[in-house]
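Presented below, as structure tokens, is a lone chain in the form predicted on its own.
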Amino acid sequence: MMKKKLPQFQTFLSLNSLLTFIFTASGIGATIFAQSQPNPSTKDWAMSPGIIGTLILILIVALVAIMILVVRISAYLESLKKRSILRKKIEFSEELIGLDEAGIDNILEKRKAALNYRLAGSELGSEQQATDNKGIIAKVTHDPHNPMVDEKKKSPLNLETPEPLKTLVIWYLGAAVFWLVFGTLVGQYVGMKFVWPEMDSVSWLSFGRLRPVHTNTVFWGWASMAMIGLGYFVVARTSNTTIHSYKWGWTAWVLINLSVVVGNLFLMNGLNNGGGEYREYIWPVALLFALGLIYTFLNFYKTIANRCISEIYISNWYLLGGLIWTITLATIGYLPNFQNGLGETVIQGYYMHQGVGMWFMTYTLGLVYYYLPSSLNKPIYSYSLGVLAFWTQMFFYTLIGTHHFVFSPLPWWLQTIAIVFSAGMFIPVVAGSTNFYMTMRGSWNEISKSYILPFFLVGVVFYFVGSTQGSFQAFRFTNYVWHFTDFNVAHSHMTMYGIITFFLWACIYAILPKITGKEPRQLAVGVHFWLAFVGLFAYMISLMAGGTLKGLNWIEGDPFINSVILMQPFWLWRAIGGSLMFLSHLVFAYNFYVMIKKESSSTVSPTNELQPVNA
């Protein structure tokens, strides 16, 4: 007689039941395999460490925004001052025209006397007390390490980039920009449905179909395409060699774009993978994306293997690590024998959080380890901190997905492990943030010169704030209040938008002008920055506040419709913030066009110097 093979999750339950019996017999089973305490009280919810910590983190973001704004305003006022001085010089020159020869001679004699003035040598250093009768000294320092000159200026020359690599990078970024605008247009429409739910009655424009179109498009279309395009430049540059196969790069470009096009058409027509968030694409579509990643990984790996230098730069650790983990993740997330009962819930938490942490976060951090120091013309602060952050990220991130299902039917010990590993994420986050902050130290004057450093700075701040807040949110009390509320939407935008998207924008603005020779107006980049930042802040704060009130409303046992009415003003601010963010994407798309557009042959400059657009 043949034995019937148990599904994998039934086998897991059988083993779980056996272990439960053993531990119960020893008197400790209840504390490990079951919820050992009642749901927490919300009497003093405002004093919870997770709530207080989140408020402090939000304050940090606000302070950084104020700092950037103050620096930019100061720079603008300084420019107005310089214009005033220049205007006075012009007025003086015009005044000279009207003077007679005696008046001009008198002025020239005074100028000549001023030019003949020489220091005696004892003004700045002698046994006598220093004096400054002429008002020459602007600053006095006793720091022996004080630099005597400014940092090296950025090179105005184009980077010597092979034409096939330049073309490949631009096409990846171009596809990414298209998917950003399309994906967030869908998101904008979906956000407006919260304010005007009766906007339409067309089935393929319903919230249930459009929401996964929005998330999958910005995940696999915008972010993934931009990451891979920027990664091609990093791999070639840090390996001091050419890309192994441009054909593989174009094949991956076609496969990934095809997966987004076909996947979205299926989603809008109601054909999806079920309730798995961020894996709504059916498996044949997901296979196209996975094949694109496999081609990319092999191309990166062989390029790095053929490098012309002995060391493997830290960026390549993150890039290859992110690709390996994501290929593994896609395989596990779509294996059919994992899609049964609560086992599917465990896999969903694993897939959803690994997609964010091991693909987007890991890979993008690898980009920052190259583009941040290169844009500042200085080395990364600490290679060791980068390695520490890499391995602790690999270790802790793998088991935190179940913190999305605290107080669920999943084993209590599994929930506890997820919470403990979420707290362990403080290590890679602090190590990585410190590395980036210390790299930027001494270069804060760059904030007043361009918006590249502000984009990086906001990304680093949100990397620390968003990741730390996620660890706070994993605690049982805050999870109890915020789970299934709009607060999670705010958190996901804080990370995927505040970290990943701001980092990608910083990298694009840092590298495209250097390989195309064209840069956008700083005013246009500034409009993009402030629309995106202010929009995100309004979006985030409104949903955090509303989500907290909604969670407390549910705990009190009020009717569900009351929480819907409660959220109306917060959803309005969500729509306002989302509108500002979408407008910023249109400005970014225009800036991207300015950076890549080809000049006519009669207007091309013969030099390699950066030519400001419409200067």
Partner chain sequence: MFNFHQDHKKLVLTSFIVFAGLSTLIAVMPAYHMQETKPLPAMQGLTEQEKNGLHIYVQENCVACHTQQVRNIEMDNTWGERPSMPSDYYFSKKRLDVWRQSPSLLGSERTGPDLTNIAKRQPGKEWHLMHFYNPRIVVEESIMPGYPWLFEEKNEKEVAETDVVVPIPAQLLKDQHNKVVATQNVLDLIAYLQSLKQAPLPGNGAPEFIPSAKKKEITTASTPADVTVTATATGPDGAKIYMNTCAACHQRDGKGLAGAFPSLAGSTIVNDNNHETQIKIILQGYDARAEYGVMTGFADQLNDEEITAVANHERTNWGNKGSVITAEEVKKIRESLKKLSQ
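Given the structure is predicted, the values throughout are model-derived calculations rather than measurements. Positions refer to the first chain, counted from 1.
Quick note: we don't show the form predicted in complex with the partner chain, though the next part is all about it.
When the partner chain is placed as it is in the predicted bound form, are W283, T485 and Q568 each within 4.5 Å of it, taking any non-hydrogen atom of the residue? Yes, the whole trio is in contact, each within 4.5 Å by some heavy atom.
Interface membership of F390, the partner chain in the predicted bound form, 4.5 Å heavy atom rule: Yes - in the predicted bound form, heavy atoms of F390 and the partner chain come within 4.5 Å of each other.
How about V406: is it within 4.5 Å of the partner chain in the predicted bound form, going by heavy atoms? Flag for V406 set to yes.
Is it the case that E198, even though its partner is missing from this view, gets within 4.5 Å of the partner chain in the predicted bound form, heavy atoms only? Output for E198 is yes: heavy atoms within 4.5 Å of the partner chain.
In the predicted bound form, does H493 have a heavy atom within 4.5 Å of the partner chain? Residue-level check for H493: no, no contact with the partner chain.
Just to be sure I understand the contacts: of L77, L86, L265, M394, which is the one whose heavy atoms reach within 4.5 angstroms of the partner chain in the predicted bound form? When the partner chain is considered in the predicted bound form, the option within 4.5 Å is M394.
Which of Y189, Y246, W325, F182 has a heavy atom within 4.5 Å of the partner chain in the predicted bound form? Only one option qualifies, and that one is W325.
Please name which of the stretches 435 to 443, 509 to 517, 235 to 243, 296 to 304 has residues with heavy atoms lying within 4.5 Å of the partner chain in the predicted bound form. Among the candidates, contact is made by 296 to 304.
Within 4.5 Å of the partner chain in the predicted bound form, which residues of 344 to 383 have a heavy atom? Give them in sequence order, or say none. Heavy-atom contacts to the partner chain in the predicted bound form: E344, T345, V346, I347, Q348, Y350, Q354, M358, Y383.
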